[in-house]
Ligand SMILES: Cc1cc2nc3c(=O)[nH]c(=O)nc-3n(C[C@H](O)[C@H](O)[C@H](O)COP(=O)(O)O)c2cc1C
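This document opens with one chain alone, in structure tokens, the form predicted alone.
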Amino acid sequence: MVRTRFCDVFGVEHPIVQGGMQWVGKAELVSAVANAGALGFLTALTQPTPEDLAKEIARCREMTDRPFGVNLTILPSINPPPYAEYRDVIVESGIPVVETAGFNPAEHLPTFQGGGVKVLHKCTSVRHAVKAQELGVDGISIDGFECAGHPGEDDIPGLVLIPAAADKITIPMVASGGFGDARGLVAALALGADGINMGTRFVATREAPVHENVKQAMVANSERDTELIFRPLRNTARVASNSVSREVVSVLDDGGQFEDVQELVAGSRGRTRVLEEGDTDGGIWSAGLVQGLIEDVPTVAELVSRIAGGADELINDRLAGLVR
């Protein structure tokens, strides 16, 4: 079995992470990931209030006795959510690890560290990873251009980003963006990472709390079926290609502003029409290039076992056999 220092530091069996995903990182999925021996993250801001987050943590604990974490994505906003209150719930609930993402986590680190919460910080560039390490986080999740959601503005794919980060990061690091099978895990290890983070691949599992139509769309889609929206606004997001995302790209490429696409990209529209009702053309929804590697909708346990076992076979059989 592949075991890395990431497993030792974060207390899991397999070096596989299910990162935070808005509207998807709920107890059903996270508990299944934990029960499979990987590290799953509830998404704090999926819950409308800090009190609701506390309830979701309790609900997840009813489904697993293994460790899991909470994602807290920090974004600049005119009317920001009560980050400090969400943070305090995470600490008071005894969560062992938090995944921070978005803005610099420095403001929140003293509280997390004082409460014994390990911090895994997700970032999209080597410079931000180095800064997070200097701040004292416990681990890095380095997010390549292939990822769903926000890949940053540097457009550096994992084949270069992962080893470039590994050259400068001394704490445990997982690689994110484009991972979905055993080959990806072995490749990430070879590039210098200590494990992998997957989002899109975990959406296409039976336990993921999204409509079956979305999961089957991911099976049918290829690696070419995504769009990069908000490029002219320098707030790039990778989402599934559909009539809505293509319209957003067209409007902005023609000089439109955010206000011109605001209704199209509304989070509530994607959540309700797409994830809940199953209309895959009803709004935008995040999906990475790894769609091209998704061929089925297994249980989480089947997926994690397949990746962990497959990595063992690749390393011990195919790769070992190449050494003379």
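In this text the structure is predicted, and so the values were computed from the model without any measurement. Residues carry their position along the shown sequence, with the first being 1.
In what follows, reference is made to the form predicted together with this ligand, a form of this protein that is not presented.
Pocket open vs blocked [this ligand transferred in the predicted bound form by site C-alpha superposition; 2.4 Å, backbone or C-beta, 3 atoms]: By the 2.4 Å criterion, open.
The single option of T280, S286, S31, Q47 touching this ligand in the predicted bound form, heavy atom within 4.5 Å: Filtering the options by heavy-atom distance leaves S286.
Location of this ligand contact in the predicted bound form, chosen stretch of 48-56, 66-74, 261-269, 31-39 [non-hydrogen atom, 4.5 Å]: In the other structure, the partner sits against 66-74.
4.5 Å heavy atom contact, K122 and this ligand in the predicted bound form: K122: yes, in contact with this ligand in the predicted bound form.
Contact of G178 with this ligand in the predicted bound form (heavy atom, 4.5 Å): Yes, contact at 4.5 Å.
This ligand contact in the predicted bound form: V290, any heavy atom under 4.5 Å: Close contact exists here: in the predicted bound form, V290 approaches this ligand to within 4.5 Å, heavy atoms only.
Close approach of S305 to this ligand in the predicted bound form, 4.5 Å, heavy atom: No - in the predicted bound form, heavy atoms of S305 and this ligand never come within 4.5 Å of each other.
Partner contacts in the predicted bound form for 145-159 (non-hydrogen atom within 4.5 angstroms of this ligand): Read in sequence order, the residues that approach this ligand (within 4.5 Å, in the predicted bound form) are E146, C147, A148.
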